[in-house]
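There is one chain below, alone, in structure tokens, taken in the form predicted alone.
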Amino acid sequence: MDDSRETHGVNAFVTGYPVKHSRSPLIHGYWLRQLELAGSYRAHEVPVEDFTAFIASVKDGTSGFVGGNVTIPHKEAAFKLADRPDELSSELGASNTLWLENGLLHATNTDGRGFTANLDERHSGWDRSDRAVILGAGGASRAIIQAVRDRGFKEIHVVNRTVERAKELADRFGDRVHAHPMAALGEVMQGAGLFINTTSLGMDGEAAPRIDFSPLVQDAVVTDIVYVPLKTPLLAQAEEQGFAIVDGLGMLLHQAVPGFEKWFGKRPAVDGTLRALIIADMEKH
């Protein structure tokens, strides 16, 4: 939404640098129309050097925003600048959702909840296993590791090209998380019931390495947080090998729910119409 669409209702934002690629305005705009709420949600691009001043304007009310979403590269700064970050974002050291409450700026991170809600919707029972394998140790993997651990998985094996980065995450998230180099991938997949790709492998149709998923248990679920393309090369490989797959689009949709409820006062639903709307937008670009 642009500035001309703002109303006298509640106004929220998504900020990043760049942010024009964000599909969050489409998601929240759909819910605002569906629930017939006065308000706006729009992309508000803020360079790194201006982010502290922008957050100050949210806190003092001069921005006109009651809160919003934060994406790359501002998530760590948003956490530090918030008055009341919750436990989830404190452990992660990053926040993606902000809201004003009683004059204070609160913060959380909804990425992990979006991840688990997507799997709950698309493949109930995905969490029956005790063992998960997570490919990648970048920033995107943090909330995933946290969510899988909090869901009750007893062994979480993080595999990364640079094993030192995986070790940092194991240290951060506790003794159920184990770090491995890429060479150990086949070994740690043995008996796992969940495989998660948090890397950019296969994004935008790029080639991805061939992975043998056969060490996984027969009813394992393979998922990818990348959603462009919707069926990534890794998901296609897993499906060809007979495994259940879950695409990453639902994570984007479900992570948006808690923020919308905080800002606009009603809990929206992730439905087929919204999913189709975002897929249609993906196909245009």
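When you see a residue number, it is the position in the sequence shown, counting from 1. Model, not experiment: these values are computed from the prediction.
Although not depicted, the form predicted together with a small molecule is the subject of the following passage.
- A heavy atom within 4.5 Å of the small molecule in the model of the complex is found for exactly one of N118, S129, T198, Q146: T198.
- In summary, among the residues D171, E206, E187, E101, the only one with a non-hydrogen atom within 4.5 Å of the small molecule in the model of the complex is E206.
- If you check the small molecule in the model of the complex, you find no heavy atom from any of R122, L253 and V270 within 4.5 Å.
- Though the partner is left out of this view, M182 does reach within 4.5 Å of the small molecule in the model of the complex, counting heavy atoms only.
- In the model of the complex, at least one heavy atom of G138 sits within 4.5 Å of the small molecule.
- Among heavy atoms of H178, none comes within 4.5 Å of the small molecule in the model of the complex.
- The shortest heavy atom separation between R84 and the small molecule in the model of the complex exceeds 4.5 Å.
- Segments offered: 159-167, 102-110, 85-93, 146-154. Contacting the small molecule in the model of the complex at heavy atom distances within 4.5 Å is 159-167.
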